[in-house]
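Only one chain is included here, represented as structure tokens and corresponding to the form predicted on its own.
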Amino acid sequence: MRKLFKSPSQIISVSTSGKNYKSGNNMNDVGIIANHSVVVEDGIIKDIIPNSSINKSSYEKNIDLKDKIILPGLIECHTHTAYAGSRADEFRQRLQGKTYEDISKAGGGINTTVQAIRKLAFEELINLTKPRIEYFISQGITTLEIKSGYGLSYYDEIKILQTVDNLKNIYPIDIISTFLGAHTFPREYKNDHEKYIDIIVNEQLPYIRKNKLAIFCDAFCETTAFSPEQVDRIFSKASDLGYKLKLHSDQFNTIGGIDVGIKHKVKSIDHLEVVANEDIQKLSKTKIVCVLLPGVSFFLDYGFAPARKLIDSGAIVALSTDYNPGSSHIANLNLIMSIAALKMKMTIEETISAVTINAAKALDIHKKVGSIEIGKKADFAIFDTKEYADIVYNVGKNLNCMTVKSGNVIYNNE
């Protein structure tokens, strides 16, 4: 079927001329096209044509976008959406002066959510996660990454990944699974780290890969989590099994995670709140995406990642919510863009590049989605405004009025 997405005020194409990512000053070029419409056929962008050349009879369906703007479908490249329980009490403790690390060392933090997940049945976790995914879709998000990491046992990590696998069959967006068994050490292996790593390496990784439950393997390299040497061992096995790799690193401490990530050619390194200047230079010489998570800094009230230094050095920068119950209980990607602009001094255009093409690259899907270019999937976010700056200017307000996946309208607020 041929469809015409007709006469938007602006097409924000985020065009890359085939490069499929943006770095440095190129992040400011969001490819603004006026007085054009987008032709879609069989779910693919077929053409971008001048409005003056439109022949309405050539299309089975015309979707009028007058006074609206069209962006590539937004990409959420780092979330922990499949979780259970509340960490409101820990939020209260932090307001009283305790740090996130204090709470983790006392046995709380991630392990609090682990206990909630372990008590939950498969069907209950599915039902908890559904409205969260629907909220993401309402924001114009057409690709969503979801990590495990709150089970921390053979059975419960697989339960989370099977939940995500089930949700892929329910929702029309692309949902990408990431195995994060190396999130932290569960309480039962607090004094036997090697035993838990053995379970990850010899039991979980092979089973999950064999059953196609995750595309990515992730790990948290931090003083309260996994050392660089432990991450290296996990990534070596994961790489041998054919996983793509991602890494949490340099959130609270710099302990060598950047070097491990570069060694294993990870697709992204996420957090980077305390990344050192010398590591910024290392990252700028790679194609690794630096996924920044300003919601964490806002929610935990500590320093923001040095977005300006990273971008100005030529690094590839993406943004995501890190939606989770403990360190970033924020599921609003628009709010994240506004925080990045206000607190990390990113331009409006840089934030758009960061949640579209660069977020797509962080998930290694940048050749198919992330920009409005001929031959890519017709994934769009349609915003009810005539000026794209309004998306970031309207802090926390969702201006998305229509979400389009593969040419099909999957959400319409009207």
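So that there is no doubt, residue numbering starts at 1 and follows the sequence shown. Every value quoted in this text rests on a predicted model; they were computed, and no experiment measured them.
What comes next is about the form predicted together with a small molecule, which does not appear here.
Chemist: Between the options 268, 143, 320, 324, which residue brings a heavy atom to within 4.5 Å of the small molecule in the predicted bound form?
Modeler: That would be 324.
Chemist: Check each of 185, 304, 243, 220 and return the one that places a heavy atom within 4.5 angstroms of the small molecule in the predicted bound form.
Modeler: Filtering the options by heavy-atom distance leaves 220.
Chemist: Whether 87, 150 and 248 jointly form a contact site for the small molecule in the predicted bound form is the question; each needs a heavy atom within 4.5 Å.
Modeler: Yes, the whole candidate spot contacts the small molecule.
Chemist: Would residue 200 sit within 4.5 Å of the small molecule in the predicted bound form, counting heavy atoms only?
Modeler: Result no; residue 200 lies far from the small molecule in the predicted bound form.
Chemist: Taking 4.5 angstroms as the cut-off for heavy atoms, does residue 167 touch the small molecule in the predicted bound form?
Modeler: Contact check for residue 167: no, nothing within 4.5 Å of the small molecule in the predicted bound form.
Chemist: Just to confirm, residue 175 within 4.5 Å of the small molecule in the predicted bound form by heavy atoms?
Modeler: Close contact is absent here: in the predicted bound form, residue 175 is far from the small molecule, nothing within 4.5 Å, heavy atoms only.
Chemist: Consider residue 100 of the chain shown here, and say whether it contacts the small molecule in the predicted bound form, taking contact as heavy atoms within 4.5 Å.
Modeler: Close contact exists here: in the predicted bound form, residue 100 approaches the small molecule to within 4.5 Å, heavy atoms only.
Chemist: Could you tell me which of 277-285, 77-85, 312-320, 132-140 sits within 4.5 Å of the small molecule in the predicted bound form, going by non-hydrogen atoms?
Modeler: After filtering at 4.5 Å, what remains is 77-85.
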